[in-house]
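Shown next as structure tokens: one chain only, the form predicted on its own.
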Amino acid sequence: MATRIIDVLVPVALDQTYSYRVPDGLELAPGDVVTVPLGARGETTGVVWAENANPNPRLHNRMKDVVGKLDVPPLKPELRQFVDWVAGYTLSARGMVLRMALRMGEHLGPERERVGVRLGGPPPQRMTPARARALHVFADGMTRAKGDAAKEAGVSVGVIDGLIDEGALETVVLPPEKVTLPADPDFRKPEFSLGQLAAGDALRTTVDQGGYTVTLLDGVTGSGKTEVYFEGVAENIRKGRQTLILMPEIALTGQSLDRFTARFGTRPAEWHSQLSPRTRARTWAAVAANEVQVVVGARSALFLPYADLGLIVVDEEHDPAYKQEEGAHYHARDMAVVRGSIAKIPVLLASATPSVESEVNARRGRYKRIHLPERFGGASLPSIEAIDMRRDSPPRGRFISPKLAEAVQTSLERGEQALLFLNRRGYAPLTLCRTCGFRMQCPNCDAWLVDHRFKKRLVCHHCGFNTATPNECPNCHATESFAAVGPGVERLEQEAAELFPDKRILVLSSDLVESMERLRQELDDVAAGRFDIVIGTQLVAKGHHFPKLNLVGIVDADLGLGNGDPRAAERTFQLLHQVVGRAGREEGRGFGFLQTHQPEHPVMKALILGDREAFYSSEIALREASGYPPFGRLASLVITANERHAAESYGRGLASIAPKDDGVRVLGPAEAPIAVVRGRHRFRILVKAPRAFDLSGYLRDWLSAAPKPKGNVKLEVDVDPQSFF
């Protein structure tokens, strides 16, 4: 009988599969997870991708045998098709996409057994009060962990060990701890307004009918979108199918998970970068074995091997964090829609400020829309006012205007909380010499060093380089001449402490987050009213609920508008709308103040007037006129090298052989806005094409005919780029 040959995809930076012989007696089928030899790497994990009915006979003797099959569920055809689709669309190596689906911790070794203790033989001959208390705890016949039993009885673990040694207690192996307990869709039915009831009914119907659909749940901040989409989740649980709820990673906070627990009686499974390897491995296996009903996760949760996925929810669907900027450049929101299409299941996108792409799809009927125009419980949306910094500027060296300071003071006197928002980490974005004007710049990047006073370091936010502030200027050698220019949140904290000296102030910034648990505790402290003033970056815009917060001050509302990004207006509108939306969600009236030098800008006018529709209509018209997404397609080709000439030369050569097509414009190469990062020079080619154009196919044909980068030159392709730095 002829030897069976299979093609295996391995999770490395390769697009191709490798052929292996199947040893006699080993049953394998497409999707099985296997161990195979792979050159100098030794043995590696891979997935059987296909039968190879026509292997190359000349390679037969050089083929190696599959080493073995892992005892995990096979990857379903739906997931394998999804891996192929993502790789083809993003021009990523299939192996790199597969790697995201194989994070199951197969090299961790066997998990340590869980041992419990229960009553065994007769009581010990020598009885002490401690032993009596311990035996009393076990009198109910239950099995307990040793440490739990000792704590419950108020004795040391040594007392429990002594009773085990004498046979009064016995040890038993406990089954592995479950990742989560079953969720109860009827654990706590929420009290809904009429609008929320109608929205919940519509979602339940969508889930009950099944099949591929995309629904945009579009509700103002504080309208209860989470509780409403939980109705769709509850219906999916009743149907016995799995649910994925995607969130921007930093939004995976205690508040979000506590809301789930309050509704369903148990916490969901979590999937994010902060999980321990052991928890990651157990969660992966439980998802594949259909032992988990709901996963709440960051973008990579999209690649888990769900046994029976029935619903995908993308919360805060507009958030830029859904774009993966390293490795495979995919957008989790868009790929969630693709996975829903492949699996033929409903997809739900939720946001108070939908992306322009989703808004256009809803307006044109490609997506269903469920609208929640009012806040829950009759709360009013915050009133928003511009502070024109051309007329009401703060004193020299200050950044909080007198009008904003007065509003904060009034709010604090009412016993309410205030939030000061500035989307700039650190103490100051620039440090310069007052004597000669020299600016402290990163030695590896085309960027200024940011002063971080809390850490007492100057830090580059692009490569991580950091150094102490020098005592003398490297240029003119003047001593103690350096001055901090511009504000960051740390400098704002210093100013707020001087303005409101007796108030409790908390700074929330991603560079100060030590762990997910610490962040969750700090957010809980804010919600409980343990801080009076919160100073934060975009970290505070991610769907948090602070009952006592009624005033939001945007310290520099213009910050995101001047960077040349085609999405600058959209991003600024979404971010500021979300931040101001933290105000007035429960008690009292909410107020928002925008410190701006251009109150007449369309973004500021839309925010002040509360006219969201006007902003979207204007932005959509601009996009359509210019052919930008979603009315056109973009791809970014970034060439980097250690030498400027090498990067530019390869970029020019690449652009010169771009296939000619009347609908496609190839722009560049041009030096990237940040021309040097981590010591590498950067040039960018931007490809602009019509909406229906097969841009991935065009790029594939182009790059297959292009010379491969040599030396230290690298080429990175980003289809549908979100960042233009």
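Note that residue numbering begins at 1 and tracks the sequence as displayed. Source: prediction; values computed, not measured.
Below, we turn to the form predicted together with adenosine-5'-diphosphate, even though it does not appear here.
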For this session: State the residue from S355, N423, Q242, S223 whose non-hydrogen atoms include one within 4.5 Å of adenosine-5'-diphosphate in the predicted bound form.
Result: S223
Exercise. Can you pick the one in T640, T206, Q196, Q574 that has a heavy atom within 4.5 Å of adenosine-5'-diphosphate in the predicted bound form?
Worked result: Q196
Exercise. Looking at 224 to 232, 301 to 309, 476 to 484, 385 to 393, which one sits within 4.5 Å of adenosine-5'-diphosphate in the predicted bound form if you count heavy atoms only?
Worked result: 224 to 232
For this session: Flag H272 as yes or no: does it have a non-hydrogen atom within 4.5 angstroms of any non-hydrogen atom of adenosine-5'-diphosphate in the predicted bound form?
Result: no
Exercise. Does the 4.5 Å heavy atom contact test between F192 and adenosine-5'-diphosphate in the predicted bound form come out positive?
Worked result: yes
Exercise. Is R94 close to adenosine-5'-diphosphate in the predicted bound form, meaning a heavy atom pair under 4.5 Å apart or at it?
Worked result: no
For this session: State yes or no: in the predicted bound form, is some non-hydrogen atom of H136 no more than 4.5 angstroms from a non-hydrogen atom of adenosine-5'-diphosphate?
Result: no
Problem set entry | in the predicted bound form, residues of 358 to 386 near adenosine-5'-diphosphate [heavy atom within 4.5 Å] | F376
